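The chain below stands alone, shown as structure tokens; this is the form predicted alone.
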Amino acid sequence: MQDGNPAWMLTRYEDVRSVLADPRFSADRLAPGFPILAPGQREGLSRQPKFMLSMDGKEHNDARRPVISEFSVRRVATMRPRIQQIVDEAIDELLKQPQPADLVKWIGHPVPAMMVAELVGAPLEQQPYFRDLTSRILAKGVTWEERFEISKTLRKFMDELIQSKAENPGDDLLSRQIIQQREEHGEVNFEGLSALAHLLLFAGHDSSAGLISLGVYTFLTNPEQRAAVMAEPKERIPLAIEEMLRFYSITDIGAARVALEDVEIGGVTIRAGEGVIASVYAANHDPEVFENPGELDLLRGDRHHVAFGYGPHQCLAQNLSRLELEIVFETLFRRIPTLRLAVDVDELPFKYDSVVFGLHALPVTW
């Protein structure tokens, strides 16, 4: 790990699911022995409100329960018209650009940034600002001092946003949480809401941007599979999305734990205080669970992957992420059926320098 301490790496599907669902493993990133995945991780986290991802047991349940309904299938379905509008407007902008154009710049980043802004009720003109901050804080090679300064800037931005919502609530997630907290507790938990807003930014922006760029790349480089999917888009695009989620499994950052007591996993005893990386990428390529796991099959249809994690910390916004991807892929290839790569695959800049996989740029033409 970054601090020189060793950690166990779990790669089997059943072992990964077992650890992620086991309360004897803590998600507290400040707990002694927790794997340090990035420079400055502990220093930065120690100076800001505790994220839901770092909570265990009752504390985690109490933080997660009030916002679960915001991401239910029914609630997310009501967002479809607005997501469609955002995607259409992004494609309009792409089509105005000289060719070749960068799909990451005009679709991959703007669409999830707009969605996060909609969720938290952030002014649209401030999107480029916090999009830049979230991208920089997740980049590899950033020193802990730089990461801390970015985090501090983001916190100031969110604190000011939440204060404005407390004074003038709108129709957004943060405003609804403020109203609900006042009704239930008589006061607003500003620190908790700041941590929630941070989490939505981190989880909702770069991961979605990565999946959009990788998804379009996948369709463009697999024309026969794309034709089969687009022949019946309503039924088959959801299958393709599940396969892309499984195949790429773009981040393992949320799947680290530390043992609270001695636990036997797969015949090996993990001692209390030892760190564990439960690799969702490896689990999603376990040949005991997925036939020919290294083969990309957009009609595979397996939904039991763990790309969104597993257990109590399973991704809260997975329904929204799936809908966002579905609308992007269906609309993009319906409106621009001649879309194609503008450079050789060998020239594409994949994000090997970030904890969230994706593409820095995807030059396309049509």
Partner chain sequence: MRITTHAERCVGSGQCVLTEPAVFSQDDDGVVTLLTDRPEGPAAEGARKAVFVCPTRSLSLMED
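Positions refer to the first chain, counted from 1. None of the values given here were measured: they were computed from a predicted structure.
The same protein has a further form, the form predicted together with its partner chain, not shown here; the description that follows concerns it.
Novice: The chain here is shown without its partner chain. Which stretch in 328 to 336, 46 to 54, 28 to 36, 64 to 72 comes within 4.5 angstroms of it in the predicted bound form, by heavy atom distance?
Specialist: Residues of 64 to 72 come within 4.5 Å of the partner.
Novice: Pick from Val345, Met9, Ala342, Ala21: which has a non-hydrogen atom within 4.5 Å of its partner chain in the predicted bound form?
Specialist: Exactly one residue meets the criterion: Ala21.
Novice: Could you confirm whether Asn319 comes within 4.5 Å of its partner chain in the predicted bound form, counting heavy atoms only?
Specialist: Output for Asn319 is yes: heavy atoms within 4.5 Å of its partner chain.
Novice: Going through 300 to 338 from first to last, which residues have a non-hydrogen atom within 4.5 Å of its partner chain in the predicted bound form?
Specialist: Read in sequence order, the residues that approach its partner chain (within 4.5 Å, in the predicted bound form) are Arg303, His304, Tyr310, Gly311, Pro312, Gln314, Gln318, Asn319, Arg322.
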